[in-house]
Every structure is written in structure tokens, then in C-alpha cells.
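Take a look at this one chain, the form predicted on its own, written out in C-alpha cells.
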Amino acid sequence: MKLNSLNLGNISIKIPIIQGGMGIGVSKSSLASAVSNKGGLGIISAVQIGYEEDNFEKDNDNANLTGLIKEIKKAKALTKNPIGINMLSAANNYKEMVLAAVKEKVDVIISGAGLPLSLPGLVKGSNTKIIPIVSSGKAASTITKSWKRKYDYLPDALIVEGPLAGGHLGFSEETLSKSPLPSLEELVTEVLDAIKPFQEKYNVKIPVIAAGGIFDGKDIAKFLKLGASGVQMGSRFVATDECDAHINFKKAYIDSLKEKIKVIKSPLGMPGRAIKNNFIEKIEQEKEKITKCYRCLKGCNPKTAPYCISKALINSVKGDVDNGLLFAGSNTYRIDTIVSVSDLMDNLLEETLEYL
């Protein structure tokens, strides 16, 4: 027995696992190419990807364009298989970054943090596939209708991200404070039902990909049985040799405790899941003085923001984890060792086939 490929138009992903895009700098060309070489879909996070460029402080937008182009080129030199990027639709330089990725012939663009309503227009005439991230059947229906009406384009797939994911979450604080939380199973079923009329009307298959809190092959098998065409996993890929983050970042994942993985409020006012560390405890008590604004995200006001999210994420990815933000999924505490991407993918595949 073998798993069905994840088909995104004319692009086929042999093993239906997408490695989640993790920024800043956690998933770049090293991690993404390693995942793609094993038959999954490796994803580069485009968020503030130019943080190591010399002009990052003075010319943030151009530094990020340079960094993105470099990482796509590096990844393509390391693998012949498809490579994607993840681009937040809330980014101020969204359009320019997407156009640069398309010019570099990136295979897939995944976009969330709001509905990426303009995305089809930016990839027009290219072979780049586009996948929005949604958190409800309503959002899936809204974006599919909008893309079809404005651009005559249907999503190449939909990623359904549940409330157990790491990083920014597409749920209100009120929803996240409820018990029980909406389950990913319910959300995947809701999205499958929401897109069924579009699939029937236009005689197409729109793959649905489950994301958020997926940890092992048992989880993968469960969602494939439910009707998903694949899964997206982020946190498991942090504790790998090829992950682009500093070893201290990886060790923070391994040392994490269940009770320390909390939903926090990001400077955007959006909830996000992270490991509660010294940095989180400090900014919960007192607002950090922001001396430099990178204008990275729409709606972020340095006068009222409790801290600079760019600075916090860059600190952590460079290894200063006590003074940085460590976004992490709800099951991060279950990770106990650093392995190669090859071994992780092999184990996930073996477990999935066992439970199917």
C-alpha cells in the first residue's frame, strides 16, 4: 500500500505532507529543500526573510526581496522537486514579494493571516499554484467565490488550519477561550462540505489539507480517512538537523513543557501560540520600548504594540531564545529529539500506512 499523491493542478507531491512555513527564518532553503527531496512539499517562510541582509535595518522591503530571491534560488539548486513559499497577506510588501516569487518560478504560494483576495491576479500567466489558509467553511466559500468571480480562478487547494497550530491563529480570543475548542476534524468536514458545490459545478477537485496540531502518522491517517488530501505540519520539522533555526531554538522545543505552551496576544492584536519563556513573562508585565519599526505588518502600531514582533522572532531564530518569541504548535512538548528530515519523513510515512 502507498499514499496517494497530493495533486495541485499539474504539480504532484508524492507524499501528501506540506512542511509549514515558519518565520522569521525558521524554514528557509535548507529545511524546505530537504522536505521536498523526500517527496513532501517544502515551504520557505517569506516573512522578514531578509533579516540577514546588510541593508535590512535601512531598507527593509528591498532586503526582504533580496533575501526571498536568494532563498528560492538556493532551494531550487538543492532539489529538483517542487518548492513553495508562505506569504502573510497582512504583510505591507505582500504584492512585491509575491511578484518576485512568481518571477523566480516558485511552484506554490501559500497565503494566510487574512483572506488573500488579490492573489490570483498576482500569479496570472504563471504556473505557480496558490493555496489560501482558512479556518472555517465560510472563509473557504468566501474566498473561492471571490477568486472565481474576479479572476475565473479556483484555489489549487485549501489549507484548513485549526486552533491547535503554532504562530498566528485565525480564531478570536473568545473562541480560543472556550472549552472544548473547535476540533480540526469538524473544521475539515465543514470545509469539505463548503467546497463540494464548487467541485460539482466546475467538475474539478480542490484538495483540502488539514493543519494545526498534527503530530504523527496516526493523525495523518485520521485526516486522510476523513477526506483530506494531505496535511501540513510545522513544529515537527523544527527539531530536525536541516531546520534553518539556531540550535538553541530547536532545544527550546525539546525542553518545552505542555503547561508552558500558551496562547498569547501578538502586536497585531491577534492571538498566537508560543512557548511561554522569560520574554513572554516580561512583556506581559511591561510594554517593551520599540526603537525601530520595520513596517512589516499592516495594522501594527509601534506606539501601542507591546513589543516588536520582528525583533522578537529574529532574536529567537538567531539563538537568543530568552529574549525572543518562540511560536510553537500545541504538541511541541511531545518532541524529544532532533532527527534528520529523512528519518522524520520515513517515520511519518511508516506510521501513516500502519494506521490507514
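It should be emphasised that the depicted structure is a prediction, and the values quoted were computed from it without experimental measurement. Counting begins at 1, following the sequence as shown.
The discussion below concerns the form predicted in complex with a small molecule, not included here.
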Go through 30 to 38, 61 to 69, 322 to 330, 301 to 309 and give me the stretch that gets within 4.5 Å of the small molecule in the predicted bound form, heavy atoms only. 322 to 330
Single option in I131, A101, A228, I214 placed near the small molecule in the predicted bound form, where near means a heavy atom within 4.5 Å: I214
So which of P155, G84, G166, P116 reaches within 4.5 angstroms of the small molecule in the predicted bound form, heavy atom to heavy atom? G166
Distance check, V106 to the small molecule in the predicted bound form, heavy atom within 4.5 Å: no
Decide whether P16 counts as a contact residue for the small molecule in the predicted bound form under a heavy atom distance cut-off of 4.5 Å. no
Answer with yes or no whether S135 is in contact with the small molecule in the predicted bound form, where contact means some heavy atom within 4.5 Å. no
In the predicted bound form, is there a heavy atom of the small molecule that lies within 4.5 Å of any heavy atom of V341, even though the partner is absent here? no
Between the small molecule and L88, M233 and F249, in the predicted bound form, does every residue show a non-hydrogen atom at 4.5 Å or closer? yes
